[in-house]
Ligand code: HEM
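The chain below stands alone and is given in structure tokens; this is the form predicted on its own.
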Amino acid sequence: MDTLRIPTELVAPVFNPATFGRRGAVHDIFTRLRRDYPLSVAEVPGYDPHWIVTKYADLREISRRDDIFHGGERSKTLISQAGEALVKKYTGGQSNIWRSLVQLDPPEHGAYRAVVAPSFMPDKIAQMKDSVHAIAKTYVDRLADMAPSCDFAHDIAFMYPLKVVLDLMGVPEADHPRMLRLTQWLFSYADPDLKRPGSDLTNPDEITKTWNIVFNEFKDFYSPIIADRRKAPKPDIASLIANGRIFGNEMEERAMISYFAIVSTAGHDTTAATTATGMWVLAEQPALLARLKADPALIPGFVEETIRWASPVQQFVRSATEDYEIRGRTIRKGDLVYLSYVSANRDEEQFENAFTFDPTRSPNRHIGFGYGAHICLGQHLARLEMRALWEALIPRLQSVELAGEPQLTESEFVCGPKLVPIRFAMQ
């Protein structure tokens, strides 16, 4: 790597999960990186060097080159050298404990994605409109019963998309809390409030140990379901995955368990983070609530802006399989590339007044769902869920304000509000 290096003291906080619990600090760092080091190398002790991609155009360009920038040959998320070595110990040499859609590369990625992709296309999601709206109304009624105060993140935002996705999966409702707990252990392993009980945050290998524990928990939970759905398929996503064929063969076990895990976690967690962010914004901007009540046609734009604003997936890492020229620099074969979605969605060159929340922003070509072949499979369902909730809630929500200090999850991977205390009045 023979290019401009980012000062370690500037970029090192990006490698620390606690930094992401302070969104202002994160944006301050990436704003400077976009200005002074838009595509440069970070060398942080304990980690291999990474190219830090901060600009919207660069992130899109790299994301659409799945043929060159792979996600499975090295860790797809930020991990220390010691952590990656431990992953290889657990997996017999692989760089990822998980082999989900996120970590798979062509041609495997396309084959695995095709197993459930038809169920998440717009026409199929449109058929779910009535059922999703019914679930949304249930949670709005539940919120009304909690008046005049609640923690919107914990009481509503965490639970509503969890219910939608796990019903689709065919997971019994009695097991939904377990799936939420495993999701938090997986994505929020470093957060003192959401981490796995007994985990040691002073241990640099803790992330890897937790991932392995969570993988085995998912394996224990889903193995009987896989056997059941193979014996007697049902009209649910679990049956599609359990009976999915890859190039004519059964799925490899690690990939199958990972498939169940990603649908059961990413399928609701990012939507929960975005929904909680939307309420946080409304509680701080009473004039915005008034605008939405006066003109409900703004709700779809409000949803899109909350996705950009929240950017719950902070980063993914890819490795170059050959030399690649971009922005006048050469990313060499084998180099690691850190893609910052939270930075790209605040890129001043792409978004006018990027730090202003604007439900009328048009166009709003955010990359909150990613870009390219790995774009979020559940994006259409997520949009339906959020629109359904706000369409049911906004007309009934008379007022809302913060009843305390909201808190963000301490996570450098998937980050969103873990606490949004509100005082509110509803019809």
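Note that residue numbering follows the sequence shown and begins at 1. The shown structure was predicted, so the numbers you read here are calculated from the model rather than taken from an experiment.
From this point on, the text means the form predicted together with the named molecule, which you will not see here.
- Contact annotation: the named molecule lies within 4.5 Å of heavy atoms from the stretch 107-115 in the model of the complex, the single such stretch among 107-115, 138-146, 221-229, 81-89.
- None of the heavy atoms of Leu166 is located within 4.5 Å of the named molecule in the model of the complex.
- Put simply, Gly370 is close to the named molecule in the model of the complex: some heavy atom of it is within 4.5 Å.
- Mapping the unseen interface onto this chain, His50 falls outside it, with no heavy atom inside 4.5 Å of the named molecule in the model of the complex.
- The named molecule is not shown here, and in the model of the complex it never comes within 4.5 Å of any heavy atom of Cys150.
- The candidate site formed by Gly21, Asp191 and Leu201 is entirely out of contact with the named molecule in the model of the complex, as no residue has a non-hydrogen atom within 4.5 angstroms of it.
- Only one of Val313, Ala283, Ala320, Ile257 comes within 4.5 Å of the named molecule in the model of the complex through a heavy atom, and that residue is Val313.
- Comment: the named molecule is not present in this chain, but in the model of the complex one of Tyr341, Phe215, Phe158, Trp309 has a heavy atom within 4.5 Å of it, namely Tyr341.
- Taking the named molecule as it sits in the model of the complex, the stretch 260-279 comes within 4.5 angstroms of it through a non-hydrogen atom at Ile262, Val263, Ala266, Gly267, Thr270, Thr271, Thr274.
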